[in-house]
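Quick heads-up: it's one chain on its own, the form predicted on its own, in structure tokens.
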């Protein structure tokens, strides 16, 4: 297999502790202090942590209880997603002044293909510096960036000089960069896969590269082909300016566990209302309704049903959700309920990307 690397210029911009940084920007009293967005002490999960809190092991996705244990002085802040979206939109506008090939991954990160850009600047490195400076001056927040020939390497590189830094991996540096990279830092290799690779004697990119395609497919199935290619710098996924939404969801974690279906139905009505607003706003409908249930012991269960037609109406969604709720008995009290709609009426659009060679 050829190891030719396409000469695209991809920037991955990642805002630094975005939710927490917005809170500290808007409230000077929080600056320099360990804060956690979300994750109240008695219930909930941390959505983001400031760098001051991260020093104590507080990070996103851990419980508020653990955050408080790790950092007794932690300050919990209620999330303000409307505000985060407002700030994100300002940042997105800056991106689009440089290229129309912008692929948001979330409110706080995006890929930009600047192979051909609106500024006529052949240096992706200088463009990344300029974009980060504009975000700082116009929005008031810091961002980090990774610059390379594809999305995979750019994503990894953006994490190297955080916060408020950037790293460029030039075309001739891609292979050496990946060979010395610890396998746990490969984007797309999670904890379980990392442990499995360790057991197979794979600790770095070089050791991953030494394995044959047959070996990797044997041990990792379809993902084996992905690992075989990316460690050779081959990742041809395009920056898609209009990513297709595959599902829309709304959920809620309760302060007190629910043990009665009657109380659950009340909450599901509220959740369905939130879901309907999002669907109507974006003109989305779907056929598959999924009920998500997380029990008090933190085990999770999903129940789904696919209809023969697209729906976005709250009444029709709730009708199916009720059916799923009573499909079988609850095994325990419930701490979280969620509803998602998938199998949507969105169609993927093809984007043609012209690949040209420029000096990085």
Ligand code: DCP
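The structure displayed is predicted, hence computed values, not measured ones. Positions refer to the first chain, counted from 1.
We do not show the form predicted in complex with ligand DCP, though everything after this point is about it.
- Taken together, 15, 61 and 162 are fully in contact with ligand DCP in the predicted bound form: each brings a heavy atom within 4.5 Å.
- Heavy atoms of residue 103 never reach within 4.5 Å of ligand DCP in the predicted bound form, leaving it off the interface.
- Ligand DCP in the predicted bound form is not approached by residue 310, whose heavy atoms all lie more than 4.5 angstroms from it.
- Of the heavy atoms in residue 51, some are within 4.5 Å of ligand DCP in the predicted bound form.
- Interface residue remark: residue 47 is counted as part of the site for ligand DCP in the predicted bound form, having a heavy atom within 4.5 Å.
- The stretch that touches ligand DCP in the predicted bound form, counting heavy atoms within 4.5 Å, is 53 to 61, out of 53 to 61, 288 to 296, 66 to 74, 321 to 329.
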